[in-house]
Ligand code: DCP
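First comes one chain, alone, set out as structure tokens in the form predicted alone.
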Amino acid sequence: MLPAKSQVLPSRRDDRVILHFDYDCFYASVFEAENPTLKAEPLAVQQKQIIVTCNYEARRRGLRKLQLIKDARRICPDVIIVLGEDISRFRDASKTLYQFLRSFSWNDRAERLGFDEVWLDITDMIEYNISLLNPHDLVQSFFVLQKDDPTQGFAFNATCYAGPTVPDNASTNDEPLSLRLKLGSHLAFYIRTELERRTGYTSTVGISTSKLLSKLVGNMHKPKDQTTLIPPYACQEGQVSNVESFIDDYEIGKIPGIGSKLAHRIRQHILQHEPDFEKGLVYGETKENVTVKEVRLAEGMSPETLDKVLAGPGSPHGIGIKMWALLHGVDDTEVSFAKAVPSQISIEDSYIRLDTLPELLKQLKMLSCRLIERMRIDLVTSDDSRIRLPGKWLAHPKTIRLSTRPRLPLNPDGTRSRSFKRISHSAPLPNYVLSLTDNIDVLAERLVNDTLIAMFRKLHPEKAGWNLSLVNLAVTNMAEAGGESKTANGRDISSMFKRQESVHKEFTAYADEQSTPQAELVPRTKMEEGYSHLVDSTVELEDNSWVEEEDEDNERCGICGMSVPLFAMQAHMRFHEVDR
């Protein structure tokens, strides 16, 4: 007998092994890495007049996120407070740690979330190492970290899990998924141990078969530990699976993929009244919690019911079946390939009161300067003085987005309701912003006057008046330039240089500065010394085969925006040098 339509779920992909890394107290840890003596002290990071995060010693003494500075000093008089307004140090540390974790990936599926979370899909590593196991001596196993060097790795016991498990009766299960997760747990232990040894940063890791479950199970043992969600993942006859028994106790708003607005609508449907937001609101929760189990087992609950509950303007097609899957711990989204560039760059600031045009212009100019500076840091390669080429854009943002958060008007009793709703407007990013020769202040001033003011007036007509608590500027819709990454658009000019040199190699003689009238052949490595950053003759295709690139695509100049054939780009860049 087939299950009812409402009970049909997307198939669970339990053939994967995914690790979720969460750096412990990341923002505080950045300061601790710079000054290790702070690790034993209560440390808090301040933005505006609020604590945005604090280390575990501070939490042990009663401090927490989003406390006012005055309250933190009262609770813990000896707290050390450091300013965290400049996020460049956090961004740089995050990049370094991400590159370290990414170095362990064979398939380059390494997805970053914010500054302090990373997913690694290690399925291929696990399958390869399972093929090497000796089934007669699993206790003395060896995990190979590099296919081309079988000596690089570590010894481990493949009969048990490394670290805690959920549930904790791990020793009784011998199914194939269990073996894969055991190997995954030992690799997670090795990576986070090496992370701490080499960088000083600690992390908490979750091990499972999806992004959803690995993130949730990683929260079980913090800090400096790891947790594996063990099988069975599928429902046994008359029993609830380990996945459902694990996820059932979570509050609906704590499930990744169910945002605060969707969670609010689901709570409303289950409670049959409006949850109290004013007194109980903490990180999108209410005082009246609704668990996953209460939703899943509610009378008449189904994907079709959720579709009706969550329907509204902007609701995506199939939202009901997606939410139904998440309530059962089913998440088949892939871990994304590592990106050479971010998908967007965003700068924002919050305000107690922002309601005048002069102050708005001042804030937009400041945010624009910071945004353009970030774009140059994150999206531009460094100069190479050896061939006198300026920096090159790794990606061209096509869209600029302005978002604001209006402060609600006062209620009749003089109080003001809390609101986290933002409104946004997007427009094409002007090409002149991509100039690498103009001063940032000049570009920011022009961007505000030519583009941002018009965008702002679409959001807030002056006659209506406005009072803002937040302004955000972002560039999005990245068009990645030529390069060797999987997400690159076309190929880099380097492939043309190397292919040209290899094609003509046997017909070309090179003379060095000391040559006699009879030319001496110069070794290929000698010729490449001045162009080593341009050498790359291959691109990776989706089927992982490697072939020589043949297309002669154009490339867009990062200074003037002109589309130029690759073979002419060097001459074009020299034109800009002469023009300066």
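All values reported here derive from a predicted model rather than from experimental measurement. Residues carry their position along the shown sequence, with the first being 1.
There is another form of the same protein, the form predicted together with the ligand; it is not shown, and what comes next is about it.
Proximity of Glu111 to the ligand in the predicted complex falls outside the 4.5 Å heavy atom cutoff. A residue is said to contact a partner when one of its heavy atoms sits within 4.5 Å of a partner heavy atom; Phe31 fails this definition for the ligand in the predicted complex, lying far away. Using a 4.5 angstroms threshold between heavy atoms, Lys222 counts as touching the ligand in the predicted complex. Of the heavy atoms in Asp116, some are within 4.5 Å of the ligand in the predicted complex. Interface residues of 50 to 76, taken as those with a heavy atom within 4.5 Å of the ligand in the predicted complex (partner not displayed): Val52, Thr53, Tyr56, Arg59, Lys65, Leu66, in sequence order.
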